[in-house]
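Take a look at this single chain, the form predicted alone, given in structure tokens.
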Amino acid sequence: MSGIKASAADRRDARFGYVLAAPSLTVLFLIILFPVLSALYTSLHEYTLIAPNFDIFTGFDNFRLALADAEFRHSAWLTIRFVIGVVLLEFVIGFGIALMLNKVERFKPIYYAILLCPLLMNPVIVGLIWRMFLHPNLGIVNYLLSTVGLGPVNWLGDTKIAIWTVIMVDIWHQVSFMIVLLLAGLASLPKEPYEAARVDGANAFQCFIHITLPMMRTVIIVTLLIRLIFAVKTYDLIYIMTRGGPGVATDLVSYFIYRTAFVGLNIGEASAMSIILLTAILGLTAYLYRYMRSIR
């Protein structure tokens, strides 16, 4: 009898939980799921801004056209290089700074305030500031180079330099994100393993390799996953600083999809590219999530 009563109470609690969650789930559906389903539906039709209707069903033709597009493949490969560059460099720099800050006792709030300033800035503002700093004739960066006898550099106009310039600006803007998350993970680590290792004669490097890294593995994976997702979606800096140029040297996938939709006016093919990008991100997320669960 008590089991039946407990089961009925559980069902009642579950129904009450669904009622409480219903408004949030409805908003989540409208904000996230509805646009995704709308994009998927559009990608299956010949929908352009010249003929904005769903009269012609094309099936997966837009997906085949997108995958066969050499410019789209170039943007995808460029995005992979960009993501690997920014995430790895931000992780190395962020982890190093987090390790140093974790040992600091005095003036920690001041260091936090300095490090968080770039992260609190809107990406559009960051792009505008750095575009002025890197101006080939009027920018302060080239002026500082001239004071030590170096010639001006066309930071955003050279096809070999532009993508690395954007990577450096993105690192300046986003490395604080890595620092904050990794520092939070370091601060939560127990002290006992380090004390035991020091008693056994382990040095700082050995403690880092055999204690810090294994215990930080879950935090590191979550941090890399979040940063990977945001790096793949980078659009603001490209739009403000280079517009994908010079040529297609910085034409990342997000900006290429924008150009396909609002310059080429082909909403159907742009929607197909968006679905391909979403699928790639979901696949990467699922893989890293499974890996994270396997190491717990």
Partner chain sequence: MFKKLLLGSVVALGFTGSAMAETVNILMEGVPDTQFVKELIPEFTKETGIEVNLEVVNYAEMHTKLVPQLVSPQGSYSAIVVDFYWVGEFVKAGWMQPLDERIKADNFDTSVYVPALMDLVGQVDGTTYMLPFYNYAMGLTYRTDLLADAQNQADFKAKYGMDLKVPATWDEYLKQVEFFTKDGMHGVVNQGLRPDPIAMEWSNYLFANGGTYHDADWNPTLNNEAGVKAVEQYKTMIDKFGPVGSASFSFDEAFNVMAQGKAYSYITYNFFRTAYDDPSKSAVVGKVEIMPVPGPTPEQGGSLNGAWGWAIPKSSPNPDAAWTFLKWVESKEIAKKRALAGGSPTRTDVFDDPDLNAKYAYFPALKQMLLTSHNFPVFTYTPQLVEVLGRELSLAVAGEKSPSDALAAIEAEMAELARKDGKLK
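Owing to the predicted nature of the structure, the values given are computational and were not obtained by experimental measurement. Residue numbers count along the first chain shown, from 1. Each form is matched to the other, and the largest set of C-alpha atoms that superpose within 1.5 Å is called the rigid core.
The same protein also exists as the form predicted together with the partner chain; that form is not shown, yet it is the one meant from here on.
Using a 4.5 angstroms limit between non-hydrogen atoms, D236 is distant from the partner chain in the model of the complex.
The partner chain is not shown here, and in the model of the complex it never comes within 4.5 Å of any heavy atom of V232. In the model of the complex, the partner chain lies within 4.5 Å of some heavy atom of T242. Taking non-hydrogen atoms only, R227 never approaches the partner chain to within 4.5 angstroms in the model of the complex. Here the chain stands by itself, but in the model of the complex one stretch of 264 to 272, 36 to 44, 23 to 31, 54 to 62, 264 to 272, has heavy atoms within 4.5 Å of the partner chain.
Out of the listed residues L138, V104, V148, L88, L138 is the one that sits within 4.5 Å of the partner chain in the model of the complex by at least one heavy atom. For the stretch 63 to 77, the set of residues having any non-hydrogen atom within 4.5 angstroms of the partner chain in the model of the complex comprises only E71. Comparing the forms between this form and the one not shown on their rigid core, the Cα displacement of P214 stays under 2 Å. P190 is not among the residues whose C-alpha shifts by 2 Å or more between this form and the one not shown once the rigid core is aligned; its shift stays under 2 Å.
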